[in-house]
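Given next are two forms of a protein chain, the same chain in both, each as structure tokens and marked structure 1 or structure 2.
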Structure 1
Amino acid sequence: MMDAGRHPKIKLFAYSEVERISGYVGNFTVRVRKKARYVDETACTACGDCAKVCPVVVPNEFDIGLGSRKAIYIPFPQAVPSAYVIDHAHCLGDVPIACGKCREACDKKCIDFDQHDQIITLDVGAIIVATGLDVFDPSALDEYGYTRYKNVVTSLEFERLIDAGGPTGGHFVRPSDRQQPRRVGFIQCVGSRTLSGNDDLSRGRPYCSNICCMNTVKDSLLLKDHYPETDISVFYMDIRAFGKGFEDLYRRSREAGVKYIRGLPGEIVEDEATGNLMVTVDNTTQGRTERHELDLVVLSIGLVPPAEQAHVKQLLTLSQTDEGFFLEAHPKLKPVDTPTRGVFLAGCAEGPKDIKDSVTQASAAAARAQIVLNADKLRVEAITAWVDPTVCTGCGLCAKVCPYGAILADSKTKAKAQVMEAKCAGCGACAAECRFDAITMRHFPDAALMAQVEAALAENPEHKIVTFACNWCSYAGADYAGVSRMQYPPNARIIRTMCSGRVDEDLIVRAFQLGAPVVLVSGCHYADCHYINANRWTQKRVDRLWDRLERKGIRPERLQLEWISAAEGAKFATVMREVERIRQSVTMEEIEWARRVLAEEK
């Protein structure tokens, strides 16, 4: 960070917050609020005289509350800029009767209680999202006694306890009596790899946090190097030592005398007299229940997305996974790109990863951003929307539907809709929702899709399954089922669209008019849409059609909606077999009835 601060072409905005982002690739406008520090950062020499006289003492966030700081402080060692900042929430103020001691002590006269926030506007060509992460709060896991027992700490607190610049000056002591612990236990997967039937995220997340195992291995070796007599036990489900040199570190840890016990403790009880902890665990390797008396227990906590992730998602219209991390445009072909052009991901914004992987991804994101910045002109895919101004009524529905904000429309003034092609990703949701057919998708116009429906049902329509599959997931899933030689009915007629949100109601109705016994609409999983949230409109459209079919006396079961990912070839085959079962149950009378009532509707 200090190197970045000294770089002539890098400008750091510390203690700042991004409030608004507008524009498109190559032409973003970013509004930044630079918060008032109440200290002139250009004049402050970080001498510390102000902090010495400050009477306010509060817990230090950098030390996870294990240490303290003053109301005027440097957030962490090697912070950039190396200048003090006043915590306005705890400062007593500059009213003479209250305080003002820091101002009196500062020889450089750096302290200004009249400072205000500054609004800075930046014009940028590309954006890299590196929002970092938070750690899991194990307070809800009452069986481990975190916050009830002083000698139960998290892995992050443990790092501060053994750090030379930490609250204990690098002396390894336990919090209760500041004595050196002789028996230390590490509990793995606290908040990670936890499946809860009621989706209770307070007890953990279902994914592996990637770094916890090797962090414990590193800490165990560090303890053995400095305190060889320490008895260390690691309670684990599985040790995941993937990475260069990691298996060797794990082997060295075992050879150093660290005991690895396969099984997670079910309960921790404190001995009130000594402060020691009694840990009960089922040792699945030995097939027995064991009780261990430990001086200190370290909870190896998992990683979770930061709370600010939702705000960043809204600013940049990004997609998120079920776990809350940002979703890349393609896991293999575009691992650092996002669905929003010109926006790239780095580090744990995309998922849990260690330092090496974060640096690698940051280099890739910088390279992708450099491609954008070095180009005189940018090419966009030709699959974009076009609005016919002679047909558009200015209702503004298309602007509401567009997940990228690529359509400019105002329903109040009835201004004709306009498409910013640099922002349009070509999902087609706007064209499917437009009630006046004023929007045409280049390369995927309604006429071309309608022609495919009509060709598929030209002969023996009662034997066919019309299947609309999105390009990125369900069509790829169908392809995966094929190359894997999975068996499914051969009478499916697959029509590829860029997104399930492109499937117009008229296409489905036309299929039933032509005698289709069953229609399947398939797309990305609900939370993993390639086009952010376009498949939400697919769900709404199909809901409307189910009601419409039911009112006409047509079995809604004949219209199926499924979410299938590119890796779910087996699911695609299973779904097609189930749809074929439904097709076989549809009688010719039902097909003729649907043809007649839908034709009358026209």
Structure 2
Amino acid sequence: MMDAGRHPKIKLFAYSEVERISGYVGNFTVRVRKKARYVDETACTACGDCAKVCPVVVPNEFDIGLGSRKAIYIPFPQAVPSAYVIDHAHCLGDVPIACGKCREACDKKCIDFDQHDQIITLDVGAIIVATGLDVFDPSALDEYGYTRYKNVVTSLEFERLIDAGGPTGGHFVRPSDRQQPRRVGFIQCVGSRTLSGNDDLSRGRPYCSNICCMNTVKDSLLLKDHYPETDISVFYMDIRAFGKGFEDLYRRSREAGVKYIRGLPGEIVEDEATGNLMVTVDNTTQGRTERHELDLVVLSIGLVPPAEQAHVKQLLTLSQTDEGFFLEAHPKLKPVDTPTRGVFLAGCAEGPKDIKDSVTQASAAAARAQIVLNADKLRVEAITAWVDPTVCTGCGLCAKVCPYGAILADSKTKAKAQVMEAKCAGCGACAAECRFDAITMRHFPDAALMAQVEAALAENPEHKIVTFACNWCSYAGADYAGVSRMQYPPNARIIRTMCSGRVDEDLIVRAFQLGAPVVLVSGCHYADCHYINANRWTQKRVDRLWDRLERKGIRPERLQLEWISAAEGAKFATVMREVERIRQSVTMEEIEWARRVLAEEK
């Protein structure tokens, strides 16, 4: 921590948030909001005189409310930067009649109530996402009584209670009576490996949180080291001591007398008089139901993706797994890359992991990022747009749909549109929008896509479902279905485009003209579009076509639009089954009708 704070090559923006990221690999522009701290962090010496006079006392977040802090505070003694901060929500303000005591107390005069948020713009070539984790909140598990029973704490609260820097100065006491607990129980897998059967995540997540077994083993050894007479029981379903040195630690814990009891307690009941806890558990090794009277119970809580994951995901158009962690580019071969080139993952942002694995992955991400940073020039895939000036009318529609502002056009002067190639990401929304077919996508030209549609429908078109899938989400989702061996009917004929926004209405109409019973357009979910928001145009075009089909007496159902993410292999398979069901419902008469009325139109 200290090293990072004083490294000449690291500029630290604490108390800051990334608000916007634009650009592409090698050339990202980042907007950071540095929130007003109301204390000059370079001048503050962390002497603490300000906090001494501050009259406001609030619970301390760092100690999870087990301790208190003032409205002007330092999060913890070793904080980096080593500077105080004013909690604006609780501070009484600097009007002399209200307060302003801290400013008077500060010798260095580094408190500034007029400080404002600062907006900083940075140019970077690579980005590492290390947004970390939150811990599972076990409040919803009524049977364990967390928040109802004072002596039921989480494993993170345990850390603060036994930490010499914590609210008790490292004297391990239980919350109800500040007595040292003699009988301590740990309950494993709280919030982990829980299948609730529906989307309710309040009782837990389906995955293993990776660290909780070893964390409890460690905690049990700490307790035995500080208080050898403590009676410790660990309630578990499996102990996963798989890492280097882990089994040894587990053995030491058992040798130290820690009891490992296989079975997760069904219930904790508090004895109101003593604050002691009666834990009922089916001991599945002994095959009997046991009751344990304990002074303190520690819930070994799992790890969950942090709340701001969604924000970062949108900033960088990343994908999340079903579990909510960021999806890597490839689970084995590119575990720290993301689908967005130049963006890498480190730590729990990618999935629950311990410190060693976080550090390992961080070094890997740094190494991968250096491949970008050390390059003199980066090669960009030749999939950009090109405007044919002899066909372009200068209407400017293409510039309107371009999510990157990469097209120079002026509808007033009717100047021919020009693509700034370095800014173009190759989504193709412009090419689909151009009414004059003046835009060619270098590697996905209209003619090639049209040829694919025609080839797909050359024989027995009534059996085929023409499917457009965007490279980043839907096509990848179909790949994921394949990797997971999810089975579905074989009638789809899949055409890859970079973005669903590339799918020109002409392609869809052509498919119906050639006798396609069903056409499916699929892309990224709205907020996940890898081309910022190019898929909004997909929606608009499909909407327009639905109207047009309906007017022609063609069932709009025959044109399907689905948003399928790269992690949604199961959804892709489900959609495949659904469109096949629709296909079977389309009669030969309907196919003929569509052929005829659409042929007349052209």
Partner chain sequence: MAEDLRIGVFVCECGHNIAGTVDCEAVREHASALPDVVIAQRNRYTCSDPGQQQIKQAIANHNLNRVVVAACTPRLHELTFRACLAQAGLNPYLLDIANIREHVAWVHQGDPSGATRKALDTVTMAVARARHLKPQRELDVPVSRAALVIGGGVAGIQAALDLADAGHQVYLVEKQPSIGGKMAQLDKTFPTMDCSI
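In this text the structure is predicted, and so the values were computed from the model without any measurement. Rigid core here is just the name for the largest C-alpha set that superposes within 1.5 Å across the two forms. All residue numbers here refer to structure 1's sequence, counted from 1.
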Is the form predicted on its own shown as structure 1 or as structure 2? 1
Align both forms on the core first, then report whether R596 has a C-alpha shift of 2 Å or more between structure 1 and structure 2. yes
So with the core overlaid, does the Cα of T121 end up 2 Å or more away between structure 1 and structure 2? no
If you fit the C-alpha atoms of each rigid part, what angle in whole degrees does the small part swing through between structure 1 and structure 2? 16
Between structure 1 and structure 2, how far the Cα of E459 shifts once the core is aligned, in Å: 10.1
Could you state, for a rigid core superposition, the Cα shift of T440 between structure 1 and structure 2 in Å? 7.0
